[in-house]
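Coming up is one lone chain in structure tokens, specifically the form predicted on its own.
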Amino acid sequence: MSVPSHDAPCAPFASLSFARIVTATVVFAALAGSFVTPAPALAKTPPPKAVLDASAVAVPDRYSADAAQQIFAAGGNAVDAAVAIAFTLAVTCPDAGNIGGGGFMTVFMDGKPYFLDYRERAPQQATRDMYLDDKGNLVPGMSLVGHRAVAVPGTVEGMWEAQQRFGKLKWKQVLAPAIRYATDGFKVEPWLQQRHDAAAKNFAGKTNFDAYFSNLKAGVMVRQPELAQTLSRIASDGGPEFYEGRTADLIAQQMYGHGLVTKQDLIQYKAVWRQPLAADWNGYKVVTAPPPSSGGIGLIQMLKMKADLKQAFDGLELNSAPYIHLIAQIEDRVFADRQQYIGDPDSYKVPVDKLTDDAYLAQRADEVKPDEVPGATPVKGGLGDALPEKAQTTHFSVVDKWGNAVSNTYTLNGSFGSGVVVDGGGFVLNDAMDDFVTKPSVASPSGATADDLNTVAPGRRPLSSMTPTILLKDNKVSLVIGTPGGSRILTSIFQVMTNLYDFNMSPTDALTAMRFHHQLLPPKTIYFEPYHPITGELADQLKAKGYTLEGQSFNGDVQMIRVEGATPEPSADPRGVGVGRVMP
């Protein structure tokens, strides 16, 4: 696709007369000839050499795969492709792909790891009890649907920050595929109609959702002219346009009188580069998400505790009742620590080093017993549950031929977020405020306990389980992985990684294998997935141990790339409709 340059003429010369330019040029040339020795010509820097046979992506849909392929063909790197994918998904997967939400990006670039936090923030007018009535009761749905559920979006700032720091192409180039899909349209798949129909029931009569998305019917070609205009403004004026320009004005107008997000909130929003978590495991370096993600800490804890319990696991069949029982006890301790110690690091000093310390985790592993009765011993944070996150997040993984990688997870929180569409902007806003503890000091039916670490506060980022992760071997990328799934994210990634490296499965088999979930509260409960339900003898054995089995509607959608030697192997979860594509 031909993309016009966004380079502008140098402003100072635009105001000078021709005669003054000539005079200045003559004087400068004379001075240069008198006092300056001509510099030798600079040697051209050779382009970096490819270290892999190809680039590769694992993404949620074919449109974003096509966008990445265009970017690689134009000479872009992993970050360029990731940004193009993110904006494309905002058009073609509006239930979770977004410019009105936020997320996390783990990057490996030129041999160094980085982590970008572009999670949403609570607006400055937010208060701890903003979702309670005058009797202290939670107002049903207020943190889930409508304007007051909206936190300050971070996605555009995150993509802008990443691309400006690491991208090779021009900003306009990486937005071009998304603009084309918004302008020319894309064909709606049956799964998108199903998600729309389920979400629309919650938004009916409460938001302007149907005015924009009632045409999401399978087989229909959907065009989004207002979104195309928004993306075109962002492409022309850069990421700050979303926070300071016409788009910011549209968001503020949409919120006025209904929600709390103001233009000042948008102007003040900044993505944050944080130190990624890193841990040695199984001969690899695990590079993953730090707080305000709880997922990276939890993933490292699970991997290390299982390794410490090698003797207990030896000889156990994968996903047998004894195996699940041991994993559930590990998960009890992980989620107890999550509830008690992890929050927004800008508001609270999270004891990351202690929570991931080898000696501490060995001590926690010692508490796990094969004959332990589920729930018999209350588990608390070990230094001295899980929050009710929504599953409708999306993840993509990218590796380029130079050995760089991006693992990115971002979200609107619930499916189609708050259901509020920015009039004139054409995009959905998040309901990330529901990721806070909305009724302090009360446990929710979904298994969450409340704690001051994650109550609503102005400018605070809500706790998340998003866990974009990269594995390194000898400082080279070996695996790029992530998934949507709320609190199930870290347990899903853990299971796929142990399938790959503890059980030596192929990527396809590792993704296809059964997954389960346990999270301290509700106690003694094992969740199973529709894709691979727990039934028959296995169900009977777990019930005999004292567990309650409960089905969940969400399957998971892991997108991963394994690199073996110089060959990337992308794999998309069979539970979803994602695409793994190699691009020579």
Ligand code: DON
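Not measured: the values here are computed from a predicted model. Numbering starts at 1 and follows the sequence shown.
There is another form of the same protein, the form predicted together with ligand DON; it is not shown, and what comes next is about it.
- Proximity of residue 485 to ligand DON in the predicted bound form: non-hydrogen atoms within 4.5 Å are present.
- Using a 4.5 angstroms threshold between heavy atoms, residue 393 counts as touching ligand DON in the predicted bound form.
- By the criterion of a heavy atom within 4.5 Å, residue 465 is counted among the residues contacting ligand DON in the predicted bound form.
- Among heavy atoms of residue 491, none comes within 4.5 Å of ligand DON in the predicted bound form.
- None of 268-276, 251-259, 157-165, 411-419 except one has non-hydrogen atoms within 4.5 angstroms of ligand DON in the predicted bound form; the exception is 411-419.
- Only one of 344, 331, 80, 435 comes within 4.5 Å of ligand DON in the predicted bound form through a heavy atom, and that residue is 435.
- Taking a 4.5 Å heavy atom cutoff to ligand DON in the predicted bound form, the one contacting residue in 109-144 is 119.
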